[in-house]
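One chain comes next, on its own, written out as structure tokens in the form predicted alone.
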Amino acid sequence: MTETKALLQKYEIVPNKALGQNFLVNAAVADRIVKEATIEGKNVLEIGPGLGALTKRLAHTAKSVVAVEIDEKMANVIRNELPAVTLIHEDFLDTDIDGLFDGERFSVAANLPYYVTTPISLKLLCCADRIDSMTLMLQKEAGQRFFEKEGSKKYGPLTVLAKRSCAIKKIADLSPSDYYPMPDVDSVVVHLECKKEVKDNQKMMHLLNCAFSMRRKTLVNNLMAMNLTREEAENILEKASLPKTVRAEAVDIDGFERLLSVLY
């Protein structure tokens, strides 16, 4: 924590709560994240490096590190303190993933801001065919979504896309005291090992966005938003061996795979 406070003072930074700026100060947790990420000799993408507590550890182990930071003051810290790291100063949701690492495969390590956890995770999962693994720190409630089962109210596109693309495990639970300033919620570290054979995640994402667009409606009604007639939507469900009255939250991963196969 001493180093964190020193950097905040040196660069005259006041943590921005709106941007989720809670900095990891538990060195043991940072070391474990790097170990579990298994990024020796690999390209690594870090999202939201903040003051660089995790970044400097990644840089000592990885082949190369690209850090994407939206906040100018935080970007300035990385520029000055970790010049060997390639910094991209922009919102990660605007970052061209295809242009990173000259097309080579890479891994991800990130302390995700709570307010954009789902959009960032979905963007990464849509590119899972280029990613070896993702080691993510996130709000505990958000982390649980990776493990939900069909039928749950929190089961949705993130759950389906993550389970389709990755083998997922929890690494550690984190308390507010592991951060400065302390957040109001607990956090968790999850590791996602991407499946090499995964493909068509962009198409699956389009299907899932339609399927879950109105959760209280049946899947038939939501599929009609894809310019299908009711008869066409019902025929697709029949070919995918799904009931005509089913809702998206009741469809398991295999069911969505069948739907994708029928549609495309």
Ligand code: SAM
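Predicted model, so just to flag it, every value in this text is computed and none were measured. One rule holds for the numbers: they count along the sequence shown, beginning at 1.
Quick note: we don't show the form predicted together with ligand SAM, though the next part is all about it.
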Could you tell me which of 190-198, 110-118, 125-133, 157-165 sits within 4.5 Å of ligand SAM in the predicted complex, going by non-hydrogen atoms? 110-118
Which residue, Glu90, Asp173, Glu104, Asp184, is the contact with ligand SAM in the predicted complex, using a 4.5 Å heavy atom cutoff? Glu90
In the predicted complex, which of the listed residues (Ala62, Leu223, Leu237, Val68) lies with a heavy atom within 4.5 Å of ligand SAM? Val68
Phe256: heavy atom within 4.5 Å of ligand SAM in the predicted complex? no
Verify the contact flag for Leu19: yes if a non-hydrogen atom of it lies within 4.5 Å of a non-hydrogen atom of ligand SAM in the predicted complex, no if not. yes
Though only this chain appears here, would Ile47 touch ligand SAM in the predicted complex if you measure heavy atom gaps against 4.5 Å? yes
Test of understanding: in the predicted complex, would Val34 fall inside 4.5 Å of ligand SAM by heavy atoms? no
